[in-house]
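A lone chain, given as structure tokens: the form predicted alone.
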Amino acid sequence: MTLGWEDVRAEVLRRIHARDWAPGALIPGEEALSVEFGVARATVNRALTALAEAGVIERKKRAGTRVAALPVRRARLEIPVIRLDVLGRGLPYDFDLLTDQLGPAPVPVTARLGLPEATPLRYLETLHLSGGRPFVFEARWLNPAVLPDPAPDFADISANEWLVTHVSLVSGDIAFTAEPASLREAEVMGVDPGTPLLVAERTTHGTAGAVTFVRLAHAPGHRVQMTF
């Protein structure tokens, strides 16, 4: 069975709790751990990054990775780059840009973003693939004001990845629900209409105001796991 980054993180955390690696101890590097666990180095990197963000380990360039002497517990929700999530699971990633058009946003969207009714927003539909299979169907309303001129080609880089890496976000909200697949979601995801899907709806604002409202419909069986 191929291990995912969550499995690697759990094993590293187990060894720390068992004092196999004591506080302040230097732990093996990414290359050594990738060989030991039989996973890609990117998978190990994702696991160690999550532990570093949680304050369990400390990572420094050219100094290696050490168990934190005084672990600091942090609770923080970050917007994931879907491509890295898939690669961290040890699977190949791809995406298809299905729709990209500019038009007046519906009232529920402008209300969520705090914008005037019928504000023109860029609407994108993106299907993210994991191992060639549907992973997440992303329906996004994006404020063109946050884009540079010329705007990025979201057929080359997903809107999800471009926004996470190029736009500074200052606030937002997210809600998780279990909902029956709509006709459009069923068509794109290759499931029967009404199939239960895990749906995340998120709004984000940056320093210049509203950025985006996005609805993420995840393939059946998807699990969200948070570390704190």
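A quick note: this is a predicted structure, and the numbers were derived from the prediction, not measured. All residue numbers are counted from 1 along the displayed sequence. What we label the rigid core is the largest C-alpha set whose atoms superpose within 1.5 Å from one form to the other.
A second form of this protein, the form predicted together with the DNA, is not displayed here; the remarks below concern that form.
Quick check on this chain: which one of Val188, Ala42, Leu198, Val167 has a heavy atom within 4.5 Å of the DNA in the model of the complex? It is Ala42.
Contact test in the model of the complex: Glu30 vs the DNA, heavy atoms, 4.5 Å: Glu30: contacts the DNA in the model of the complex.
Contact flag, Arg59 vs the DNA in the model of the complex, heavy atom cut 4.5 Å: Output for Arg59 is yes: heavy atoms within 4.5 Å of the DNA.
Ala69: heavy atom within 4.5 Å of the DNA in the model of the complex? Result no; Ala69 lies far from the DNA in the model of the complex.
Check Ala178 for me: does it contact the DNA in the model of the complex (non-hydrogen atoms, 4.5 angstroms)? Output for Ala178 is no: heavy atoms all beyond 4.5 Å of the DNA.
Just one of 155 to 163, 198 to 206, 179 to 187, 34 to 42 has residues with a heavy atom within 4.5 Å of the DNA in the model of the complex, so point it out. The contacting stretch here is 34 to 42.
Quick one: Arg112, Leu129 and Ala217 and the DNA in the model of the complex, is every residue within 4.5 Å by at least one heavy atom? Judged in the model of the complex, none of Arg112, Leu129 and Ala217 sits within 4.5 Å of the DNA.
I want to check Pro196: does it shift between the shown form and the other one by 2 Å or more at the Cα, with the core superposed? After core superposition, the displacement of the Pro196 C-alpha between the shown form and the other one stays below 2 Å, so no.
Large Cα shift (2 Å or above) at Glu161 between the shown form and the other one, core-fitted: No: Glu161 shifts by under 2 Å between the shown form and the other one.
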